[in-house]
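Here you get one chain, nothing else, as structure tokens; it is the form predicted alone.
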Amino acid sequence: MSAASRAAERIASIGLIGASTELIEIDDVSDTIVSALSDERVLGVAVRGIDQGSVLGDDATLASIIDAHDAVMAQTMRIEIAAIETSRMLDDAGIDHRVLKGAALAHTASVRPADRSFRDVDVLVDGSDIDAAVALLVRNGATRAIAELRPGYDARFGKSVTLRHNGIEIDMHRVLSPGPFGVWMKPKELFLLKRTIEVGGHGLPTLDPTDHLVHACYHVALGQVTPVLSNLRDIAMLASSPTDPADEERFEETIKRWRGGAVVKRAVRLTQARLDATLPQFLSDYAHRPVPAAELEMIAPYLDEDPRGRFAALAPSTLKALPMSDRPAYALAVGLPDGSDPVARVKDILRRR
């Protein structure tokens, strides 16, 4: 591991329960550390450390970190405006929704919003509303990144629909993760408890802390093979909040219903491996808790670095997790999307096998 990566991990742990309070001295060249902090999305935490005097370095390096953070915050504010506009459109259309991930966590789990940058807008809607929500955004100038595989796929099987509007990516979610763990979760439960955060004079509806923690674990374990430090930090912050802690019992019950023990186990181990933080016992216990073999088996397809390879790997396990009544429609949509050449598609499937 490079010196910049080690420094980024120490910086990402600033303010977490159990983290070392020793001063962090940056002795790497400015462009290398700035790149590492940017890639791991912890520039904001680094600037807080500089302000508090816990992050030290030469003037040029510290100035570079602050300048990079200013640039990231300018883009983050544009994304935040897009989140507000999207929420207003959905409100006006009577579509119930929840703002997810960075746009919400910056104003809830973080010590201050500037600690937590984000790169897109994530919104959850009920599966029955996703077609209307996507159509609404398209009418207002957004464009889909990828066409729907077949009519009805998004509402029945999709994880999310990615759109772009004025250069901003908007992910309209039906569930929190793709694949079998998305099939097993019960997304309607995420609409039972609602929190509202005030951002730019608009009340953004979001999840309660327990559901945010569930989502953070799923995102870390299943979203990327190597999650960025800001996402690991989300778990530590949500799990140990002194003012608005997660409900331990409800967290456990949700994970049990959603068959997500293997998901949380992987998320906890990844967090403990890279952050200097003490997780509460109800969460840290998952690192050594036995989980069903079927759940462990379903984790493997998520560990493909290539998006196309990951989709191909997840398809068989998704089919296996689906009820029998849904399998023919899913197999048809994935195996033979609208507009595809049947012969070419079969050759492609055989080549992948």
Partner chain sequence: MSDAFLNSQRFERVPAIERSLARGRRLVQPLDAETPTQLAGSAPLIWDLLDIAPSVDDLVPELQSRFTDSPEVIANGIRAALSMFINSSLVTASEATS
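Numbering follows the first chain given and starts at 1. Please read all numbers here as calculations on a predicted model, not as lab measurements.
Form predicted in complex with the partner chain: not shown, discussed below.
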item: In the predicted complex, the residue from 136, 73, 149, 155 that sits within 4.5 Å of the partner chain by heavy atoms; value: 73
item: Listed residue (132, 228, 270, 84) with a non-hydrogen atom within 4.5 angstroms of the partner chain in the predicted complex; value: 84
item: Answer range among 103 to 111, 274 to 282, 244 to 252, 214 to 222 for contact with the partner chain, defined in the predicted complex as heavy atoms within 4.5 Å; value: 103 to 111
item: Full three-residue contact with the partner chain in the predicted complex, heavy atom 4.5 Å, for 66, 88 and 118; value: yes
item: Heavy atom of residue 314 within 4.5 Å of the partner chain in the predicted complex; value: no
item: 4.5 angstroms heavy atom contact with the partner chain in the predicted complex for residue 50; value: yes
item: Residue 122, heavy atom within 4.5 angstroms of the partner chain in the predicted complex; value: no
item: Interface membership of residue 234, the partner chain in the predicted complex, 4.5 Å heavy atom rule; value: no
